[in-house]
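The chain that follows stands alone, in the form predicted on its own, written as structure tokens.
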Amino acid sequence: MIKLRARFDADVRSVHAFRGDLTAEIAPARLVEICRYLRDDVELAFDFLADVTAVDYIGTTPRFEVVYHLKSLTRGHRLRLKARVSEDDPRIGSLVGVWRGADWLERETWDMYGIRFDGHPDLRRIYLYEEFDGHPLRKDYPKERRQPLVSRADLDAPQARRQEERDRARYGRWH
């Protein structure tokens, strides 16, 4: 935490520790730069992005908090990073260029919360189908809402088959 504060003092908004878990809230505009530093610094060596998720603080400004769980496999320490993004334009930089494993984690966060990751190479839904309207983990998502169903004819359409073939070529059999 001391090294992070020394390097990015103006961009580290708060820090705290609870039962050995360190947490830092940072400025979202500097996320990628801070994460690259956390990965590349020899003493910090956060070489594993374990998780990306979000929290919906509906009624507050900014509304969403994007949460990153980092782990140093070589040093054995952990860090939680948080960055707040607004409801009007919920977007933040993508970490796929820092940790390749951010790809599907960011897609999951996009799918469930609607937070866009600028620079993500393939930001599309990962759990729900493309016609699904809304993001179901937002607190204002109406749980009684009916969604458009995808018919078998839609799945058999030539464009759907081409997309399926592209996905299979890119991600393998179990995408």
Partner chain sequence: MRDTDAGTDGHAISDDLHGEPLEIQMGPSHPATHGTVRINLKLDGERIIDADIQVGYLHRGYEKECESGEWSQAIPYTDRLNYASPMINNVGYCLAAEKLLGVTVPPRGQFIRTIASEISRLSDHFTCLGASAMELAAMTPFLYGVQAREHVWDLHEALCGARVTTNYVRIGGLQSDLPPGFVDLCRGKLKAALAIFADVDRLLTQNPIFRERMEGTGRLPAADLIAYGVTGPLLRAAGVGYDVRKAEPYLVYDQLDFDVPVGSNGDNYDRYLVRVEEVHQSARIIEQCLDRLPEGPVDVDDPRLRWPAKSKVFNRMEELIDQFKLVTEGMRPPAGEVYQAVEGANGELGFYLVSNGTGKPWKCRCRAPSFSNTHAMRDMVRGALLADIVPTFDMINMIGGECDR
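Positions refer to the first chain, counted from 1. This one's a predicted model, so the numbers in the text were calculated from it and none came from an experiment.
Not pictured, yet referred to below: the form predicted together with the partner chain.
The candidate spot formed by 53, 100 and 128 is fully in contact with the partner chain in the predicted bound form: every one of the three has a heavy atom within 4.5 Å. The partner chain in the predicted bound form is not approached by residue 83, whose heavy atoms all lie more than 4.5 angstroms from it.
The closest non-hydrogen atom of residue 92 lies beyond 4.5 Å of the partner chain in the predicted bound form.
Looking at residue 47, you'd find a heavy atom of it within 4.5 angstroms of the partner chain in the predicted bound form. With a 4.5 Å cutoff on heavy atoms, residue 138 counts as touching the partner chain in the predicted bound form.
If you take 83-119 and check each residue for a heavy atom within 4.5 Å of the partner chain in the predicted bound form, you get 99, 100, 101, 103, 104, 105, 108, 112, 113, in sequence order.
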